[in-house]
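Take a look at this one chain, the form predicted on its own, written out in structure tokens.
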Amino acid sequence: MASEEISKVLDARKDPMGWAIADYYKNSVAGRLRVFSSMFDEDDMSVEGLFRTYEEMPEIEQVALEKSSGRILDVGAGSGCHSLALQEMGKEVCAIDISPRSVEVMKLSGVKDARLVNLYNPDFDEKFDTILMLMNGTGIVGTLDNMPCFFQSIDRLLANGGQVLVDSSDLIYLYENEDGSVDIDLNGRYYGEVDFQMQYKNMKGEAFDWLYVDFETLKLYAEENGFAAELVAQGEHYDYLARLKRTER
């Protein structure tokens, strides 16, 4: 992954999710946010769900917010729902996203520190006690090949003794047969590497890679990059919350 690619932000003219978020914030309703993938049938994403309150969040997200401490970085903050919940708890949070319209909405909705910043931008080098990555937070890694770059970035941003709280899902269930066997091409790409493209009204964004990773694979890559992975909570459908911390050096 080239450095200029990983540190970029979206062009506002190619930011379908951001425009959907802005429409919903302004009108309490939005059009279809269409999601395409070479691996799945076309689907719609719930824009209303991006504005969920703490009470409406899955238990895994609630646990993550409760365990967030110190100075918190909310990565891929979207509408800012997690940052707003953290602020209501009296916690200090900086929300970042690569979507210009989403960042505008966060500022309007009351997120005190919302910035148009890419996690991978080497010029972004402040220190945080908790890095929070929710709504399949491993997605922004893109592919397993990008894991070293991801761990370098969180290492740059974590304060001493800091933690990363990240959620993901194991897509293995998509490949399971009724007898419990699994159909996976072991010589092919990792089964959790997915490509997506979004469209809102007439605006279509660029295609992007998105990573769903099982916990054991995340743990393996963490260990290879100087981190330890701990399973914090498990959801009802192959989803989980993990904590990443630096190992002793």
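For every residue, the number given is its place in the sequence shown, counted from 1. None of the values given here were measured: they were computed from a predicted structure.
Not on display, but discussed next: the form predicted in complex with S-adenosyl-L-homocysteine (SAH).
S-adenosyl-L-homocysteine (SAH) in the predicted bound form is not approached by Lys67, whose heavy atoms all lie more than 4.5 angstroms from it. Among heavy atoms of Thr138, none comes within 4.5 Å of S-adenosyl-L-homocysteine (SAH) in the predicted bound form. Although the partner is absent here, Ala22 lies well away from S-adenosyl-L-homocysteine (SAH) in the predicted bound form, with no heavy atom inside 4.5 Å.
Looking at Ile98, you'd find a heavy atom of it within 4.5 angstroms of S-adenosyl-L-homocysteine (SAH) in the predicted bound form. For S-adenosyl-L-homocysteine (SAH) in the predicted bound form, the listed stretch (156-164, 123-131, 78-86, 169-177) containing residues with heavy atoms inside 4.5 Å is 78-86.
For the residues Val111, Met147, Leu119, Ile72, the 4.5 Å heavy atom test against S-adenosyl-L-homocysteine (SAH) in the predicted bound form is passed only by Leu119. A single residue from the set Ala222, Leu33, Val194, Leu50 has any heavy atom within 4.5 angstroms of S-adenosyl-L-homocysteine (SAH) in the predicted bound form; that residue is Leu50.
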